[in-house]
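Starting off, we have a lone chain in the form predicted on its own, written out as structure tokens.
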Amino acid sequence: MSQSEQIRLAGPSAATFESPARHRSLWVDAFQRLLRNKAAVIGLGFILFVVLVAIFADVLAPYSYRDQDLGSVYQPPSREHLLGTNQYGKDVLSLLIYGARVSITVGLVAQLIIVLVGVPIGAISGFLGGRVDMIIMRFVDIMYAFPDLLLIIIVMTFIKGALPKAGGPLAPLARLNELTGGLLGVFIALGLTWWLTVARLVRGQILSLKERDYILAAQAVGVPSRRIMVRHLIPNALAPVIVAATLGVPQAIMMEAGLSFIGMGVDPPTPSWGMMIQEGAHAIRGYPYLVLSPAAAIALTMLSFNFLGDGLRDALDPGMKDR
């Protein structure tokens, strides 16, 4: 029997056997490629560890972040205090655990706000084009020209100064800011300034995708523009947005740490890794552990998100499929 006859006879079963691997979705292929990236897997594992620590901080922390013992200030690491105590007699390990809750919350919520703002604006700009696109992109250019750190400091100064005394319609925001330990201002400040990159990224993707044959065919048969955008354009433009959001989380964590370091971040006594560095900086020569532990936590968390972001970028790149 010839080889062609063998293929013809075995056709249906062979096609049935090979079809699952041949028709896997982009997301399944991307997930499998991500698992082959050891650095990304290690980064994802550390991120999950930090998230679990943040969620179960009340259970894992040996002391509350409000507990202080003025008779045990500046104690070096010991069995009772594994990472020592600070100038207020607070357990550094407990502050580090509760600080993870602040950093992870800032990183994830800030990126969620950025995506919710940037994706619709970028999609509308790219899909409608014309005058709408020009107006939106000129506004984005103006916002890019304004120093984002200065705008964040202005917003934080206003929120910290005016919001606690606000009444009327701003009273719920003041209450929410109090419940979040002053994080509402960080969310608003980052959301106002960091959506620009996502909007431009989505706009570029939409401009490319809307010229594809399946989009033109959908428009030709009368599919509503809203359905085309929601069902076809935005889902196919999300891959680079996911990568950008993952790489943006460590930037948000670093920004929160910097704001807390200069006293513009969370409100005391809510612990923050940046605030821990700020409080321990004046005693770094005699008690370096006060700075080293939160600095190491920030560095490892940022490195893990960068590893995961690089892994997602490679996994979601169609050109990496056969590599």
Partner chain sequence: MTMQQFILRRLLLMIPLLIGISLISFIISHSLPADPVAAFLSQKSMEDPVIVATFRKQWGLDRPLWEQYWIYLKNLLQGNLGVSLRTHRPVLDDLRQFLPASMELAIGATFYSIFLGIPLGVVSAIKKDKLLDHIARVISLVGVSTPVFWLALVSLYIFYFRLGWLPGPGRLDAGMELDVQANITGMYTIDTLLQGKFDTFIIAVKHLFLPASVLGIGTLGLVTRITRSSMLEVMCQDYIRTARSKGLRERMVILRHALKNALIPTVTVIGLSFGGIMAGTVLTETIFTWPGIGRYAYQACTKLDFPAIMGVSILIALIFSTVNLLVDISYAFLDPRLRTGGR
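Bear in mind that the values here come from a model prediction, so they are computed numbers and not experimental data. Positions refer to the first chain, counted from 1.
Unshown form predicted together with its partner chain; subsequent notes refer to it.
- Heavy atoms within 4.5 Å of its partner chain in the predicted bound form map, among the stretches 64 to 72, 28 to 36, 289 to 297, 44 to 52, onto 289 to 297 alone.
- L60 falls outside the set of residues with a heavy atom inside 4.5 Å of its partner chain in the predicted bound form.
- In the predicted bound form, G258 approaches its partner chain with a heavy atom inside 4.5 Å.
- Although the partner is absent here, P224 sits far enough away that none of its heavy atoms falls within 4.5 Å of its partner chain in the predicted bound form.
- Contact check for V266: no non-hydrogen atom falls within 4.5 Å of its partner chain in the predicted bound form.
- Between its partner chain and the residues M134, I154, V230, A217, the one pair within 4.5 Å by heavy atoms in the predicted bound form involves I154.
- Put simply, of D141, E80, E211, E178 only one has a heavy atom within 4.5 Å of its partner chain in the predicted bound form, and it is D141.
- Here the marked residues F146, A281 and I284 all reach its partner chain in the predicted bound form, each with a heavy atom within 4.5 angstroms.
- Taking a 4.5 Å heavy atom cutoff to its partner chain in the predicted bound form, none of the residues in 119 to 135 make contact.
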